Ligand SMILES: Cc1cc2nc3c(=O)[nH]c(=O)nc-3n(C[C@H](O)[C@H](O)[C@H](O)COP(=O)(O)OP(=O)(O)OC[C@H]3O[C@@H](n4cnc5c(N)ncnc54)[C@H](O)[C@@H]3O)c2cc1C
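In structure tokens, the next block holds one chain alone, the form predicted alone.
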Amino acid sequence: MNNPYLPRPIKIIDRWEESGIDHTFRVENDMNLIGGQFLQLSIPGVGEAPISISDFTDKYLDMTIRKVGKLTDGIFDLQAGDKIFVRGPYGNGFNLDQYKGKNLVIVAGGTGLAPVKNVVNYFYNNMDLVKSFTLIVGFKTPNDILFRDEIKKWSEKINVVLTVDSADESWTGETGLVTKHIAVCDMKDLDNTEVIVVGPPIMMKFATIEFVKRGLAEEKIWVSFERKMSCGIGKCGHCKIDETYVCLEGPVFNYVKAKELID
């Protein structure tokens, strides 16, 4: 009998530091995945939590994890060769066909870059499939920047705006909130523009408002919710907002739907 709550072990292939509190764990992969989906990651006797898949191939998948509590403390004690337990994948993910042939703008704040990293990599490797591609990504400080090497690589093909809220004396790049840079983003062809916004709720709220102020139709904006998913299969109700189960219908939503999902 198939038990949907039963996790299975997978082997950690590699791990590396992204920032002082964020590490990426690479594990073996035998699943069919869509960028934007998540897994329920667990250590028996310690706990379980939803973790976004930050990138994947048919051989491996990456999860970028912040050390914030008992479970992640336990995960950070694991090394290559150890096993961790997973359920999933869950969620709808991003429909890449939606963005093909369009001017694609992705706005990501902090760890919100992880759920869209696979989408960024897909179009970075297939730039002929979009008319243009702008990535606006913001972090609190230079020390919080994730995926530094890949952001540098993306800049070779993508119009990347990397900004920090608070700079130090070593920072020579852009500063200010991502909304400041949305305000000057080239958006002349609104009919052929699609936008993805992922990050903290307050950042997504004001970023989406900024795009609407720029004249972009709400149905051309896509967001991904970070909720406390528990069962992942629409049974427990932890992620439920009104009648919507975020774990089943999301975490990726069109803004027309997402703007109505208020706790």
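All residue numbers are counted from 1 along the displayed sequence. Owing to the predicted nature of the structure, the values given are computational and were not obtained by experimental measurement.
Although it is not shown, the form predicted in complex with the ligand is what the next lines describe.
- None of Thr64, Ser42, Thr208, Asn29 but one reaches within 4.5 angstroms of the ligand in the model of the complex through a heavy atom, and that residue is Thr64.
- Interface residue among Thr163, Thr134, Thr72, Asn118 relative to the ligand in the model of the complex, by the heavy atom within 4.5 Å criterion: Thr72.
- With a 4.5 Å cutoff on heavy atoms, Glu226 counts as touching the ligand in the model of the complex.
- Taking non-hydrogen atoms only, Ile202 never approaches the ligand to within 4.5 angstroms in the model of the complex.
- The ligand is not drawn, but in the model of the complex it has a heavy atom within 4.5 Å of Pro50.
- Along 121 to 144, a non-hydrogen atom within 4.5 Å of the ligand in the model of the complex is carried by no residue at all.
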